[in-house]
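Form predicted alone, single chain, as structure tokens, below.
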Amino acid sequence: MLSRTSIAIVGGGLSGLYAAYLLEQEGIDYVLLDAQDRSGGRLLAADHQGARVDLGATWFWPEIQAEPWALVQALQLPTFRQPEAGDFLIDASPHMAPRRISAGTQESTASMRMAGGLAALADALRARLPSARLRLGHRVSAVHRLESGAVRIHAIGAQGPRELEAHQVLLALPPRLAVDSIAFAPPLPAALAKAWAACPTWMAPHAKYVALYPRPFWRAQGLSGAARSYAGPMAEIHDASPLQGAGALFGFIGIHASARRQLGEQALLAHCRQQMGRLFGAEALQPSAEWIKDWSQDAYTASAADTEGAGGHPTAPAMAAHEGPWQACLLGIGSEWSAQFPGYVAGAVDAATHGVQASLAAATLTKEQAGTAVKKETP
């Protein structure tokens, strides 16, 4: 089954959704394909009895990241500052009581959260897109540049193979994942493919533990909910409470991805719960709900190379080929392609903005060139 569009977006995370949102505003024909049966990518939340907590990206910083803040305001989404009041804990050893550090002043650059979690941003964008434009559960396996100049996208959906032809393709997924999971014909330029394959995917090696409680009880103890640990399994812990009602704590697990797989989720949950109890008291041992999101085991986020890396913020590779058959028709717009904020939420907005602008400029130039050619052929 073959269909046609002007622009195909591969990936339904924040960058893909925002690119679709921009194209929708411009009245440009597009189709968005995502391998998963949900949109949002690394913006992911868990729900329990009306409380919602982030399993993926958590913060953004309006003072230094203007574009996502402008988008949040345009969508009229409620936000709040990361809770910081109270003492900070240093966890040096499982055999010692944690050391309290005086709260002092709040961070000068505010870390902001979103009511309903950052996944609410993805939800709001998707709600503004026609459902006919979105093809969830469609895994793109190959992209071919045709002699006509069009690009044919091969995808596998629940109903079998699907084909889509477009003038341009926007890759709204991590560079490394694009190289690993999509067959390009003709092949990408060797230097470009190498740069994309070498670009780490932010969050891919990491795992988060989140515990939900009836109330943020640590605040009554004069604690902020923040801690650094040299004992583990979590190395860094923060208050993840929703804006109102329930309390929540989350931690980045400091155990390597391969060791997490060997340990297993249930054992890791128990270790994390015990650490919360050691730091914050007996009430922390009785969460209403708890989750582990191991991004290294998410096939739509992490490649094999990502699980071996340290997972730092990458250096952005080139977004496109500057010559050859893929020039002007294939652009990378995932967060890792952002020159300013690679890997961040702001990076997804930045890369999508620049990608759509470049795509529209290339389309305009192509039309102008075609018009010039017609004029030259006219007697």
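We number the residues from 1 along the sequence you see. Not measured: the values here are computed from a predicted model.
From this point on, the text means the form predicted in complex with a small molecule, which you will not see here.
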**Request:** With the small molecule left out here, work out from 331-339, 315-323, 22-30, 45-53 which stretch has heavy atoms within 4.5 Å of it in the predicted complex.
**Result:** 331-339
**Message:** Can you work out whether D34 and the small molecule are in contact in the predicted complex, taking contact to mean some heavy atom pair no more than 4.5 Å apart?
**Reply:** yes
**the small molecule contact at V143 in the predicted complex, heavy atom, 4.5 Å** = no
**Contact label in the predicted complex: T58 to the small molecule, heavy atom within 4.5 Å** = yes
**Message:** Even though the partner isn't displayed, in the predicted complex is R152 close enough to the small molecule, meaning a heavy atom within 4.5 Å?
**Reply:** no
**Fill in**
Picking from F184, F280, W196, Y300, the single residue whose non-hydrogen atoms come within 4.5 angstroms of the small molecule in the predicted complex is Y300
**Prompt:** If you check in the predicted complex, do P98, M234 and I237 all have a non-hydrogen atom within 4.5 Å of the small molecule?
**Reply:** no
